[in-house]
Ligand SMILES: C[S@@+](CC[C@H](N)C(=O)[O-])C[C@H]1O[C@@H](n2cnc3c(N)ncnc32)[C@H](O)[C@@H]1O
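Here's a solo chain for you in structure tokens, the form predicted alone.
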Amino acid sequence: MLSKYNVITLFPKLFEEWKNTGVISNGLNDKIFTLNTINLREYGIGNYKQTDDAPYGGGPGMVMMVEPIDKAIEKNKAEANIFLTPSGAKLNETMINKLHTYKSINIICGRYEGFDQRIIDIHSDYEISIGEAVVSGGEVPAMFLMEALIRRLPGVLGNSESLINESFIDGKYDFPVYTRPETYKNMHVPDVLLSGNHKEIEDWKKNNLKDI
């Protein structure tokens, strides 16, 4: 399964706190996977380490240059290169399963008006979008993608059964869940969940899954 993650980014510090939280921290501490953040600025051009420039043909904003990203990818080899783009394939469980056939990936985070098309033509194995919305850069989508991948690794989750009934598995959303108190503002936990009858509880859960 996929156990080596390289993130090529202009803002590596954005990942530091995320690496110290929840299942990500647990997996890193237990050496279940490795996560490397690669500062694209180190591969920038000239004295100012330039990584972007004005677009040919005019237009607003700046475009990420091909050369720094090319150098970063060549220096940090992986089995597959993933570019996070608004026009990419939508992330779903089928894509997650496909990516887990690799052992290592590079995730390249865009900024500004996007990538010089030539870097995608040279290196892209996948273009992925996490949804039909625009954000300022690829760093938050990269965290989203990696968390979806990493939580599938054996040993990362405290209870492996958590994966069995998750949303999106088998084309379903998960069933509703409840905890204490039994009654709140005249709203009650379904009686069957308090019954102790395991068969009836399982039937209720299956009947309350929603189609995607």
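Predicted model, so just to flag it, every value in this text is computed and none were measured. Residue positions are given as counts along the sequence shown, with the first one as 1.
Keep in mind that the form predicted together with the ligand is not shown, yet the notes after this line are about it.
S.K.: Might residue 129 be said to contact the ligand in the model of the complex, defining contact as any heavy atom within 4.5 Å?
M.R.: Because a heavy atom of residue 129 falls inside 4.5 Å of the ligand in the model of the complex, the answer is yes.
S.K.: With a 4.5 Å heavy atom cut-off, would you call residue 136 a contact of the ligand in the model of the complex?
M.R.: Yes, contact at 4.5 Å.
S.K.: Taking heavy atoms only, is residue 102 within 4.5 angstroms of the ligand in the model of the complex?
M.R.: No, residue 102 is distant from the partner.
S.K.: Does residue 121 reach the ligand in the model of the complex, with heavy atoms at most 4.5 Å apart?
M.R.: No - in the model of the complex, heavy atoms of residue 121 and the ligand never come within 4.5 Å of each other.
S.K.: Heavy atom within 4.5 Å of the ligand in the model of the complex: which of 79, 113, 125, 74 fits that? Just give me the one.
M.R.: It is 113.
S.K.: Could you run down 65-100 and flag each residue that has a heavy atom within 4.5 Å of the ligand in the model of the complex?
M.R.: Contacts from 65-100: 84, 85, 86.
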